[in-house]
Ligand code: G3H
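Single chain ahead, by itself, as structure tokens, in the form predicted alone.
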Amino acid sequence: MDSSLKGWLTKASREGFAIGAFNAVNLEMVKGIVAAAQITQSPLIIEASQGEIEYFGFRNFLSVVKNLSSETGLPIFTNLDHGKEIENVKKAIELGFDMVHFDGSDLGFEENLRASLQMVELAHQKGVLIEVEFEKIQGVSEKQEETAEEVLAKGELTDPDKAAGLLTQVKADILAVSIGNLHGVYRTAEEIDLLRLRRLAELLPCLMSLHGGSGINQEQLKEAIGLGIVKINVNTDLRIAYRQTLENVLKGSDAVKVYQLMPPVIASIQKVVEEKIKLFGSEGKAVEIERL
């Protein structure tokens, strides 16, 4: 089997599982995600959004993830999540990220199309996978008091016929679909348009990703994977686990040594990621490859 990220995503598509893409903004989050990969023997993607990568540092992020991946021997890949600035996307490509997500959804349609064509060409020249986004996925990666319906009404869903036409031009590897999914967690659960997803799977010449893996009903997530979703992004659940655990640790301890405070936080991240991996169906897949 092709051991690259493309090979793994192709395997996921063929076998009906999804690879989790988990956001990390510091060493503790990376350690928790990698620990979950070790326990579950699962492939996964560790990614950072524009704000997160600016905090972590491009080279620091890449080095930390690659070092831990090398130590474990597991298929752990890197991604720039929601790269909105072309220079940042170019930088990630040049530095050797396994994948980049160019998010031009805040641009006008024609400008997004032109920029997406440019980014796809550049990424493929360097052997880097690229995800694109046309209909903006609504919401923010936090816990919100609005209902999912209120937030969803602010945007548009992906039109299967239009998307298929665009992807024959752009030739990206992955499309971030908008099918009722939202960034963040809301007062009401998100409802995925599975009929729309089925039509997209029939028409698209590329793979599909689902953003908003924190707030979607588990059964709907499983159905979405069965219909062709191969990459699922998770961020909000990790942020909530990190903050709540750290607050509890600080309330119950007078310790000031970071290496005493952070292990429970790392464990909370690990727990969330393990649960998602099992839900996505990727548990044990790394072991299967080793046996070949």
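These numbers come from a predicted model, not from an experiment. Heads up: residue numbers just count along the shown sequence, starting at 1.
Below: the form predicted together with the named molecule, not depicted.
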- Query: Heavy atom to heavy atom, is Leu182 within 4.5 Å of the named molecule in the model of the complex?
  - Reply: yes
- Message: Under a 4.5 Å heavy atom criterion, is Gly104 part of the interface with the named molecule in the model of the complex?
- Response: no
- Query: Looking in the model of the complex, any heavy atom of Val230 within 4.5 Å of the named molecule?
  - Reply: no
- Task: Give a yes or no for Thr78: in the model of the complex, does one of its heavy atoms lie within 4.5 Å of a heavy atom belonging to the named molecule?
- Result: no
- Among 150-158, 212-220, 193-201, 118-126, the region lying within 4.5 Å of the named molecule in the model of the complex by heavy atom distance: 212-220
- in the model of the complex, which residues of 136-174 put a heavy atom within 4.5 Å of the named molecule? Ser141
